[in-house]
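Listed next as structure tokens: two forms of one protein chain, kept apart as structure 1 and structure 2.
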Structure 1
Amino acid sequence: MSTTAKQPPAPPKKVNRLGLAQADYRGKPSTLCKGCGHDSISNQLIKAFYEYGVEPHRVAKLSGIGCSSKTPAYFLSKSHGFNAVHGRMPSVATGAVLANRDLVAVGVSGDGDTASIGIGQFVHLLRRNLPIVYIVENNGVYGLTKGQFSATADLGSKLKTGVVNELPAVDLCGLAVELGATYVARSFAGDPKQVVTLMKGAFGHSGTAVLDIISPCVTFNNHAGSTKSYTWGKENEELIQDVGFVPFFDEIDVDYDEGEAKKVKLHDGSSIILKKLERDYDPTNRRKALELLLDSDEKKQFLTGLIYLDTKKENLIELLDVVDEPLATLPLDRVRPPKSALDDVMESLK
């Protein structure tokens, strides 16, 4: 007589507050080089979206051209996506966000796509304070065209060929603070805990959130002499502060001694908790943020953490006084002027 052994019940599936598993936030398998920092950032985006509890269909992923701009295919396969022309992602993102203000816009760019061909579009995105999470996967080289220096390569850094960079770097965080972004952070792909926390804080912010993430290129820029390698990043990273995050849907009491931490409430009710280390620094002070960046550049320091935060400045949607309903959902009789109105315009031009 044969018997069938009773199988133990499967362990319960771990899900977030929306009932979704972390696998629901994944995308296609990566085609980037094994060990690429960009893949680490994609994995942290998956984790951050899962933990925060964002509905995938509400996310619009936008990118330009480059290794970094391929990465939106590797996370959130059930979201919207648009791969724009090289350096032109900000204008596409602006149109998408204005048409549907309910979208969670995430732009993924690179140092070439942002600081070289796309720098003109990037600066206007900053000054408009468009509600978008703008991630720069910064490796200091052009990975698709054999590893030449990009505009963010540090002065004095070396290529694998021994060529030394003689030009000063474009500081994307400095540009972001100076020109109007309201959430500015720098991190390192090899520090996943910090990256995830800063990402979740950016999701809760209503304005332009720029995350400049140093992301080593294992093929062209991960050697001795590079200031954007895994080794250099791990050996030279200096935290501005310990960053914690309390989502709006959690009732959590955060207990710190007076003077040790600063709690800043974000637009959606979430809170960023900034715990001081040795450095006495207030990221809500714009002048101090710029001084910090200039000082760290002069000292050749790699500072990571939340550099600047402004929760009071109006974003572009508020400045334009756009209606509460997404424009993409409005019926034609509300967005198209009647013939009589057009006739009046034509008559006034005679």
Structure 2
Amino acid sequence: MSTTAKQPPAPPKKVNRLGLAQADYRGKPSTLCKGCGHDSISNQLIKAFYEYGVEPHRVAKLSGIGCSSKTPAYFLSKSHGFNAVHGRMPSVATGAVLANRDLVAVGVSGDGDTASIGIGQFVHLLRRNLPIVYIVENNGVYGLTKGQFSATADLGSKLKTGVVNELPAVDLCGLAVELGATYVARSFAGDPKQVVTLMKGAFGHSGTAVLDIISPCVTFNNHAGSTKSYTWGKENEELIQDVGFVPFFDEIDVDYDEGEAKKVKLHDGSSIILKKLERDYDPTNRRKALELLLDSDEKKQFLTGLIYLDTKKENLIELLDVVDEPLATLPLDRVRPPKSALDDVMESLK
């Protein structure tokens, strides 16, 4: 595959297409443990937003409760943030996007916040296909309460204290595919290139994009016997495909050999390029996606990449057929029917 830029006016080196520097996307200094996978993901978010060129004021950062949910403070200081209650960020995000459809919603959650206390709201978020990038910083453990298992801990994995997890893990990607998410990917915080690419793809997507990112907890779940550690991830990660991303503002011709790579156009005109590796995999086939997940679970594989993509399904805003402008700021004359309307109603009640 070779890529050649057609329109060369590449922006000056250190700023993006909006003229913003990467520093414009930074947040406050992190207060998480040194080496935490979550910090790596925050950095990839900064990079992805910067490279994609999202206007920070259009972004709404939302989270629940937990270590992961603290991270929206550590990126995009120029965006509004909302640290909601435990497990219930999806509803807050839904309300915010309904109020203002122009917002770019980014939800950051953890495995406890999503797969345990928040699983009810998570599954209904998926069903509704709300336009949101929903990132699960998945470390299989409750960090903020000092190291209890979460519902995504693998069967048989061990806590530092020697306690063995006896219950099967919730597969968030499987759930997401099954219940209606339209962009489902799994990645590893130790694979920044892939993480950034999948994030940018998610920005170009219009619907619920779930990124399940294995993010080692250096304090409570990074030891031998853990299946969410850096070492385990590095040794076991197996890429489904080589993911590439071409934003809508870069008109790049991609040449590839038929059968080697697939180009999928996203909602905003960007493209995801999926280059075949070991397996022949089509992420637009839902049945195949579920099969892949079941297979990898049986084989104890740690597969990363874009698992499922549906660019056709209506998102919630389209489904509700609301006006194009943000509902929140519609002028009064558009949200208060005229006096004749009240007269009508009153007449019918007389």
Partner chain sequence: MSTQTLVGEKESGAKPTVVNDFSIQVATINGSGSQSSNSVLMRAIFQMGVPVSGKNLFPSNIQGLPTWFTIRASKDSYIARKRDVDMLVAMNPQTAREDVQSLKPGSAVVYEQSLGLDNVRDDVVFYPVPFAELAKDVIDEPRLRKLLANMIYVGVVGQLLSIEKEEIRAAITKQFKAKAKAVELNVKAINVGFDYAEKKLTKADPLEIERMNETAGKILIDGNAAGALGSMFNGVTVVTWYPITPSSSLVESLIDYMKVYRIDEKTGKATFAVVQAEDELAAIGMVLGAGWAGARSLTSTSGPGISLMSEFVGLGYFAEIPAVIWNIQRVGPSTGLPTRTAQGDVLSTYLLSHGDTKHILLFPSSVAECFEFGGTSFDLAERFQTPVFVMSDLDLGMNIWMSDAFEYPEKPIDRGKVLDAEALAKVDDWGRYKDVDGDGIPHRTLPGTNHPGAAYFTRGSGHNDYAEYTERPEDYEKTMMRLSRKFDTARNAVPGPVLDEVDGAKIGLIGYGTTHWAIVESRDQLRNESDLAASYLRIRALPFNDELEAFVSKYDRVYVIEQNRDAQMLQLIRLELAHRPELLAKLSSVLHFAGHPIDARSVTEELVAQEYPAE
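All figures in this text were calculated on a predicted structure; none of them were measured in a lab. Here, a residue number simply tells you its place in the sequence of structure 1, counted from 1. Throughout, rigid core stands for the largest set of C-alpha atoms superposing within 1.5 Å between the two forms.
- The form predicted together with the partner chain appears here as structure 2; structure 1 is the other form of the chain.
- G19 shows a C-alpha shift below 2 Å between structures 1 and 2 [criterion: core-superposed Cα displacement of 2 Å].
- With the core held fixed, L327 shows a CA shift below 2 Å between structures 1 and 2.
- On core superposition, R336 has its C-alpha offset by 3.3 angstrom between structures 1 and 2.
- Summarising the core-aligned comparison between structures 1 and 2, the C-alpha atom of V345 is found to shift 5.0 Å.
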